[in-house]
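Given next, in structure tokens, is a single chain: the form predicted alone.
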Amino acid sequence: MIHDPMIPFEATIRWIKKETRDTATYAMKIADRRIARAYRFQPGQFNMLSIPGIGEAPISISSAPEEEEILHTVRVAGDVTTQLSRLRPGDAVGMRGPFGTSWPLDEVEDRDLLIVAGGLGIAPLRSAIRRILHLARRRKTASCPTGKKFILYGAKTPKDILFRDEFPRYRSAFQVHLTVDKADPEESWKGEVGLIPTLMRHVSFNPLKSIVFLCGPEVMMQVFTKELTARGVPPEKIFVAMERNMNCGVGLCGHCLFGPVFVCKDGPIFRLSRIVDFWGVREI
């Protein structure tokens, strides 16, 4: 490693895309060429983004490793993200990373894949989706995942759907099913209305030869994993993305301690079989 992981390096905002009323995607480029050449990440990892005088926040990477710019999809939810929402292309932020574990794309080969997301949970999964689309364009290579592939995504309302303009492109490699908790008649929504588990009736897969990537509100993930295991999907083939208060990114500060593991270092992507015994226990 050529850079101390505890010291931020500078990244410049190249462009910003408004996704919803409170969420935007920021394309960033590392300013130092030497650091930029050495920087590598895998789908599912995150960076620590910082604003001088304000603070630092963990933000998932929502681009694929092959892309020129590093994308972060950010919802305004605190001091750092509020200040970030006020920045413009050309402004600089501090960045540390990448940190954490990644989605195990090497285990997808010859398996049915279910990508399940709720709300902002689609952001860390977008990196894996775009990586798979890249491999699909190189379909003749041995590394291109085979088997059926599904995306199940739910949002509160049609206006809260992230990356809505991208889902038609995802259909080139995935069966895509969307739902919303509530649809306003004025929004002319013609899709599903209901919770994400209701989308399961649209998919057919072999539970013993499947792998699941899951990210969203913790209660939603707990409900969904119970349904998956009831259908026979092995817990070791269900991967969930956890969220806790991550401050250092390397397991030193202890803020993200989750039972016996650190979310920043041992996660944020966990096999369900590793955390199922203490997941859902209050105060953990």
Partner chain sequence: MSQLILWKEDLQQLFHRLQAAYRVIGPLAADGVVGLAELENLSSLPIGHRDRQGPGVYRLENVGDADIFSFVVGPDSVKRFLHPPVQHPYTFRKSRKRLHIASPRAAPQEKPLAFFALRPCDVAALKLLDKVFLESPLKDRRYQAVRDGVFLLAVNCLHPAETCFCHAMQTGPEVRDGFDLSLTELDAGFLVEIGSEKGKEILNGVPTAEATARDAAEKAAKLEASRSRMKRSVPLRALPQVLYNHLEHPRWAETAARCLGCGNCTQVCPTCFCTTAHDHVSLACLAQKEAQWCGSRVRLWDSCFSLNFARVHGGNFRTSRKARYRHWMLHKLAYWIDQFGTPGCVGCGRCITWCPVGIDVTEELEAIAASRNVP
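What you see is a predicted model, and the numbers here were worked out from it, not measured in a lab. Residue numbers count along the first chain shown, from 1.
The same protein has a further form, the form predicted in complex with its partner chain, not shown here; the description that follows concerns it.
- Proximity of residue 22 to its partner chain in the predicted bound form: non-hydrogen atoms within 4.5 Å are absent; the residue sits far from the partner.
- Using a 4.5 angstroms limit between non-hydrogen atoms, residue 77 touches its partner chain in the predicted bound form.
- Looking at residue 178, you'd find every heavy atom of it more than 4.5 angstroms from its partner chain in the predicted bound form.
- Contact between residue 244 and its partner chain in the predicted bound form is found at the 4.5 Å heavy atom cutoff.
- Stretch 252-260 is the contacting one of 252-260, 229-237, 36-44, 66-74, since its residues have non-hydrogen atoms within 4.5 Å of its partner chain in the predicted bound form.
- Contact annotation: of the candidates 207, 158, 94, 104, the single residue with a non-hydrogen atom within 4.5 angstroms of its partner chain in the predicted bound form is 94.
- 86 is the sole member of 182, 202, 137, 86 with a non-hydrogen atom lying within 4.5 angstroms of its partner chain in the predicted bound form.
- Here the marked residues 7, 54 and 218 all reach its partner chain in the predicted bound form, each with a heavy atom within 4.5 angstroms.
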